[in-house]
Structure formats: C-alpha cells, structure tokens
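The form predicted on its own is given below as one chain in structure tokens.
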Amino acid sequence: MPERTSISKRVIERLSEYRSTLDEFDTTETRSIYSHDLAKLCGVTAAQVRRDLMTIGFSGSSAKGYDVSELQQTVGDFLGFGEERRMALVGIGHLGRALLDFFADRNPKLILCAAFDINEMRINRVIHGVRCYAVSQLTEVAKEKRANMGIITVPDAAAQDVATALVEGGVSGLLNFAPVQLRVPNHVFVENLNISTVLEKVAYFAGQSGDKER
C-alpha cells in the first residue's frame, strides 16, 4: 500500500466519498458492489473507481465485484478512521455553532474536544456538548486535549494568529473558513473553504445553465 502522503487530494476526496456512500448500505442485504454501481452513486466513472481502489491496494473480482464490508474497512483504515482524530474549533459564531451541531454524533473517530471564542458569554460554557475556552488559552488547551486538527471560523484579521496558536499547540491539519492564505510550517496541511468563492462558482454555472435553456 502506498504512503498516504503520495496520494493526491482528489483521490483522498473520492475515497472519502466512496466510504460515506458505502456506510449507507445494509450489508445484510447487499454484500457486494460492482465498480460501475459505486461509480454511478458517486458521480464518477467505473474506471476511476477501479484506479482509486487499486491505488490503496484493494481489488475485487469481475464476477462478484467488491465485498462491501471489506471495502469499507480498507478505505476507512487508509483514511485513518481506525484512529481517533481530535479537533479544536475556534470561533463560535453562526458558522461555528452550525459546525458544532453538525459534528455531534457524526463520527465517533472525529471528536470535537474543545471550542474557543473571545465572547465572555460563551467562555466556560458547554455548547452542543463541547466546552468553550478563551482564545487566549488556545495553545495550552490544544496541547492538553491532544488536538491534532483545527477548524478556523474567525474573522479574516484573526485567522493567522489563530492558526499559529493551533500549530504551536500541536495541530497538524487545519480547515480554514477565513478567506485568507495562512502561513504555516510545511508539515501542516491546510484546506481552505471560502464559502463566497464556492457560491460565486455555483452562481456562474447556474447562469450558464440558464442561458442554455433560454
């Protein structure tokens, strides 16, 4: 099996999509699945499914397809879902609260271990099952809670300081919702999710589709 660092982001994204799709299957009813069936459910080609799964050393048979349980286990193990991931969320505004609610009981291996904010009304409270601390405690609490992932939902001007504090606290992966480019060490993975950019992209293609219909 290849090293995880040698796999592209797009392959990881597709593997995650395969895993979440397979999680919806009742294995007492469906024990196997063909590449073309999984491809149709995930919006890719059968050849792409086969290439992705071969990349992580998993193969099926032309007669029976892929064993669903084994495929779930293999993909989950490769993505690291056999290990606990502890997350710290910084910024409990509307988006932060929505994420706290989203992650509640979502995945037992993805644990929101702490939340942080500057609002005194939120500090030292438990929100959606997660204790909120002052941002000034970020590095200290991240170390104490053994957080290895951070979610940043703070205003643009505060994002870099938050990222630096998270990295100093031992975090090596960041999901950044602030529309700024973060400066972090090479070993830290950053996924930027700019909602405005995503919406503009959707608006553009929605407009293109509308023009074609007219």
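As the structure is a computational prediction, the values presented were derived from the model and not from experiment. One-based numbering along the sequence shown.
The protein also exists as the form predicted in complex with the DNA; that form is not presented, and the subsequent description refers to it.
- The candidate spot formed by Arg10, Met54 and Tyr66 is fully in contact with the DNA in the predicted complex: every one of the three has a heavy atom within 4.5 Å.
- Shown alone, this chain has one stretch from 145-153, 55-63, 173-181, 159-167 that lies within 4.5 Å of the DNA in the predicted complex by heavy atoms: 55-63.
- In the predicted complex, the DNA sits within 4.5 Å of a heavy atom of Thr45.
- Of the heavy atoms in Arg50, some are within 4.5 Å of the DNA in the predicted complex.
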